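The data below hold one chain only, encoded as structure tokens and taken in the form predicted on its own.
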């Protein structure tokens, strides 16, 4: 099929490359010329495992190209909307400026029978409004909502082999046609018996935001238990193991630590809560305010533990920070707990020397005032304390002998990812969140 992808950021670039990999003819559109130039040269503008190879293969096949001119999508059968929905400045609500602009700009270039497919995460009710806008096009066109469920670091895998497909479609013949088109696009995944849920617009929108709200709640729940564990001498990691054996609960996303960040969970739960208020149902989603507050408290606690481990004051201390991305296998530092802690320690007078396998440059663009180095060993050289704040495999696998260059034998595990007994046996002061 001939497909356009409007918006070539994280979601759009991955989706475009994967659609081309599946054999479709794809054109990606974005207003950022530098991004288009990079993608045209098969250079991913962000770190995502597997994406550079996919871009190179798709570009070489001739099935994928990029442009800043939306008029070039006029021969496409299907148009995916993959633009960002950031948090509004000074508010919790989602900013739909880019979604509205993308659909409006697309209308004059739709061919008869075209299908517009929303991928962006939007407040419930948005798709119904946009469907009316699409219906106002000069040709016959319709809208479907097909939410994404990508995990950064696994986005290529999640697009080519999703754990489920959700279609939000209109009623009647238009919905049947939209379903048939989406089935053709995702034929490979469906042939592998990927579950497919066909529903209405509102349910499709809610599937995405409620999934993120549930995951955020689960993470904040175990971090709330970590606060109780610290106060009582319990071990939150063993607690998580024990309750995780209950298959009604499960062990995944019960890792206590510094909390969640990135460009999705924080802003999505805030936008969901704001939408609840707009619907007059603020009480139904009020718990998300506490989920958010628990998550942010973890950053406060990490700074407190660092202060305590260094005698009550970090002024004049040299602190190594290992990890800046909000999660491993990503260079994304949007709302990164790790980078936030690093900046707070610097604000308190510490000299912070930071490293990350992929996120040094993205961090430097946001906070050039930090000191950045290439390796954990460089960061730890002469450090009074070493903080592991993002659980990259390179950091999880560190041995005490690897950091003998440190001036102090203090290691603070912000992700509960190190072998506590090994570090203590080597003579290090080991502290973490939620463990005695």
Ligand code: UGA
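Residue numbers count along the first chain shown, from 1. Keep in mind it's a predicted model, so treat the numbers as computed, not measured.
The form predicted together with the ligand is left out here; the points below concern that form.
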Which of 127-135, 263-271, 195-203, 176-184 lines the interface with the ligand in the model of the complex (heavy atom within 4.5 Å): 263-271
Proximity to the ligand in the model of the complex, single hit among 215, 96, 303, 243 (heavy atom within 4.5 Å): 215
Residue (of 364, 157, 151, 315) lying close to the ligand in the model of the complex, criterion heavy atoms within 4.5 Å: 151
Proximity of residue 357 to the ligand in the model of the complex, heavy atoms at 4.5 Å: no
Residue 145, heavy atom within 4.5 angstroms of the ligand in the model of the complex: no
Distance check, residue 221 to the ligand in the model of the complex, heavy atom within 4.5 Å: no
The ligand contact at residue 207 in the model of the complex, heavy atom, 4.5 Å: no
Contact set, 243-262 vs the ligand in the model of the complex - heavy atom within 4.5 angstroms: 253, 254, 255, 259, 260, 261
